[in-house]
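What follows is a single chain, given as structure tokens, in the form predicted alone.
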Amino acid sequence: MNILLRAHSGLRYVVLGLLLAAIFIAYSNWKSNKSGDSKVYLFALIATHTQLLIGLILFTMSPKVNFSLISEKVFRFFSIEHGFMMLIAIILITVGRVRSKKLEGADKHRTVLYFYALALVIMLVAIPWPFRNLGSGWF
């Protein structure tokens, strides 16, 4: 369990970095009206889905997920808020990637930019940062 928790905590920085890179590339390609696809979009998608799989395993094993103690801040966050918001963010990334594959030119990159940026904002809110006092550290 500890290995999965460390992997999940560390992989968040990879996911955030790839999302930032994908957003920057999408913006650049959109403004310069480039066609084609960037592999960074795909890598961000793969990293978020890997993070989802690890998160689902942790969700079933974690002592912080306890629906009978939902009135307490930490249990509510990990039982409902974190998983729900991350699932929405991952769905946005997936939909953005799928929709962009069907488009050409600037529309492709604009779609990635909007969906990935919205997902990034949701993820930043849903991450249990240490300053939120939810019992999580930086790694």
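Quick note: we count residues from 1 along the sequence shown, nothing fancier. Everything numeric here is computed off the predicted structure, so don't read it as measured data.
A second form of this protein, the form predicted together with a small molecule, is not displayed here; the remarks below concern that form.
Residues placing heavy atoms within 4.5 Å of the small molecule in the model of the complex fall in a single listed stretch, namely 54-62, out of 22-30, 97-105, 35-43, 54-62. Contact here is defined as any heavy atom lying within 4.5 Å of the small molecule in the model of the complex, and by that definition each of L5, R12 and M123 is a contact residue. The shortest heavy atom separation between M86 and the small molecule in the model of the complex is within 4.5 Å. Taking the partner from elsewhere, A117 is found to have every heavy atom lying beyond 4.5 Å of the small molecule in the model of the complex. Contact between H82 and the small molecule in the model of the complex is found at the 4.5 Å heavy atom cutoff.
Though the partner is left out of this view, F78 does reach within 4.5 Å of the small molecule in the model of the complex, counting heavy atoms only.
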